[in-house]
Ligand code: HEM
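Presented below, as structure tokens, is a lone chain in the form predicted alone.
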């Protein structure tokens, strides 16, 4: 395969890059929505028995379809085109920014497979994660996306101080937003049920 890529015309690099970017967009879209479905799935546990069963079955179906038809194909396209890019530009592997980026991509792959594990637990009714924990988990790919994009854009001139503070502030903002939204939503539900 390496010989094949080395003999490809110069525009092949642009195709690899284009397909890699498309794969990233599809993969992240799937990851963002998948954990959101997990949250709805967990919250459906509080419904009455018949509704709970119907909602859990529907969410399980939606999760499987999203993971298998969108998220995982996006991940496969991203990774395979990244491999093609690295084979066509092997000097990148010697650069620190790429090594760090690959470390964050590895974390993203771990996150992807953790989602599959959670999906299986939800389907079996064995998931012990709370809605709040899943909301926090849902912010992780956003943080990874920001860091990975910054590494690709800035490469060796990564703005360490500004980037560090930006990421810290982003994490604090997201954590605060998650907590605020969860409390606001719970308060609204209690108001609707007349328990407040």
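This structure is a prediction, so every number in the text was calculated from the model and none was measured. Numbering follows the first chain given and starts at 1.
The same protein has a further form, the form predicted in complex with the ligand, not shown here; the description that follows concerns it.
Enquirer: Should residue 59 be classed as touching the ligand in the model of the complex when contacts are defined as heavy atoms within 4.5 Å?
Expert: Contact with the ligand, no.
Enquirer: Check residue 115 for me: does it contact the ligand in the model of the complex (non-hydrogen atoms, 4.5 angstroms)?
Expert: Although the ligand is absent here, residue 115 would stay clear of it in the model of the complex, with no heavy atoms inside 4.5 Å.
Enquirer: Using heavy atoms and a 4.5 Å limit, would one call residue 38 a contact residue for the ligand in the model of the complex?
Expert: Residue 38: no contact with the ligand in the model of the complex.
Enquirer: Under a 4.5 Å heavy atom criterion, is residue 21 part of the interface with the ligand in the model of the complex?
Expert: Answer yes; at least one heavy atom of residue 21 falls within 4.5 Å of the ligand in the model of the complex.
Enquirer: Picking from 47-55, 62-70, 125-133, 143-151, which part of the chain touches the ligand in the model of the complex when contact means heavy atoms within 4.5 Å?
Expert: Heavy atoms within 4.5 Å of the ligand in the model of the complex occur in 143-151.
Enquirer: Only one of 107, 120, 85, 100 has a non-hydrogen atom within 4.5 angstroms of the ligand in the model of the complex; which is it?
Expert: Selected residue: 85.
Enquirer: If we check the ligand in the model of the complex, which of the residues in 12-46 reach within 4.5 angstroms of it by a non-hydrogen atom?
Expert: Contacts from 12-46: 13, 17, 20, 21, 24, 27, 28.
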